[in-house]
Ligand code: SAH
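Okay, here we've got a single chain as structure tokens, the form predicted on its own, with questions on binding and movement later.
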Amino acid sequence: MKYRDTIYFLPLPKKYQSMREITVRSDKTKSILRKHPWVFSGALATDIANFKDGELVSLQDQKENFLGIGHFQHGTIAVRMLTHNKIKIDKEFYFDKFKNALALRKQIGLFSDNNSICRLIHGEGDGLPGLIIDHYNQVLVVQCHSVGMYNSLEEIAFALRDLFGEDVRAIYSKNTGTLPSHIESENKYLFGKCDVPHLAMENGINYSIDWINGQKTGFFIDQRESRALLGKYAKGQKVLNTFCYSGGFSLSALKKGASEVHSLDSSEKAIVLTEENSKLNKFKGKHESIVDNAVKFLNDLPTTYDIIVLDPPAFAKHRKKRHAAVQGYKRLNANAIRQIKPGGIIFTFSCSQVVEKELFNHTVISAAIEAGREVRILEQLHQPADHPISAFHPEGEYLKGLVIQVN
């Protein structure tokens, strides 16, 4: 490969030279035939005790009919499907997937003078379960959520380098905390190097991105379209942005002429980042940052707002925590609905995958009833096109939101 001498790889686990077969129970093949990307451990007829996390496996039914190829991992989700065809899983496989994903992002204008931030690969939505790749102005941040993808980092890095050529300055692997505890992983550059913080642009707004020390891969890309929508409501308005992190909603409001914006987060580091991003853009309009607990702050607002943004972190990552999460969303929304001025607008979100859209909507309605205010729904929001949802994997729809008006 022409780039081999310039790529610096992590020490990778031993590759598996052969592909072993796993038989699926006859009564459990239906979802695979319908192209669902997850195969649960209870569906397997083969003894998997001696299979190793991350190895490629070939699935067959009990009549030895080929079903597909995927990454094996001990756990509830035993196999994450990569293909239903008899093809080789190598650098060319990843290159073709990345090429297809890049074409879509370019088609919708995410590589332009106005935007250099997007999600290039969104797991199951792009046919690569367990893999996330985010793009920040010629830097690619790779995050593996399965051992199989971690084992494939070498092929992934070569494929990305071949696809982007001189349009990529660095490729960084960030996997600490995303893999099982027994897997030794390291955050490190796979290619090149780039100082952080690094400037990148979304919808004409500059952001300071730190993929090494920041949350996730450095930025919450999935709210790009909702941030832009907020700008349409914000002119001349006083805005409160809770759980602000890097201040995305705040800057979108200021860019579109908000008279005053307050950014609130319980993390002092987040407030520092918000202030840095505010200074970068020099928008007109008053901006103030507040370090406080959002629920507590909303319970007794010292002033009134025209617009409130509620974009909390996931309240539940597992179904057993769903009830507590719903109560948390209800309390948060009830406080905001109770306190906002008449005619005010609330942007409210949930990124908890186990809290389905209908349940979240019902929770917000229940909060309105508890607050004793009249509420109407103006917009229904969800994740953008660079976070696609596979038609065969509805579980991939995790972000949902509402724009409501309170009277």
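For clarity, every value in this text was computed on a predicted model and none was experimentally measured. Residue numbers run from 1 along the displayed sequence.
Keep in mind that the form predicted in complex with ligand SAH is not shown, yet the notes after this line are about it.
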Exactly one stretch in 67-75, 279-287, 244-252, 151-159 has heavy atoms within 4.5 Å of ligand SAH in the predicted bound form; which is it?
-> 244-252
Partner contact for Val295 in the predicted bound form: ligand SAH, 4.5 angstroms, heavy atom | yes
Find out whether any non-hydrogen atom of Asp126 is located within 4.5 angstroms of ligand SAH in the predicted bound form, and reply yes or no.
-> no
Look up in the predicted bound form whether Ser267 has a non-hydrogen atom within 4.5 angstroms of ligand SAH, and give yes or no.
-> yes
Exercise: Pro313 in contact with ligand SAH in the predicted bound form, heavy atom 4.5 Å | yes
Counting non-hydrogen atoms within 4.5 angstroms of ligand SAH in the predicted bound form, say which of Asn203, Thr83, Asn187, Gln215 makes the cut.
-> Gln215
If we test each of Phe111, Phe95, Phe164, Phe220 for a heavy atom within 4.5 Å of ligand SAH in the predicted bound form, the one that passes is Phe220
From first to last in sequence, which residues of 157-189 have any non-hydrogen atom within 4.5 angstroms of ligand SAH in the predicted bound form?
-> none
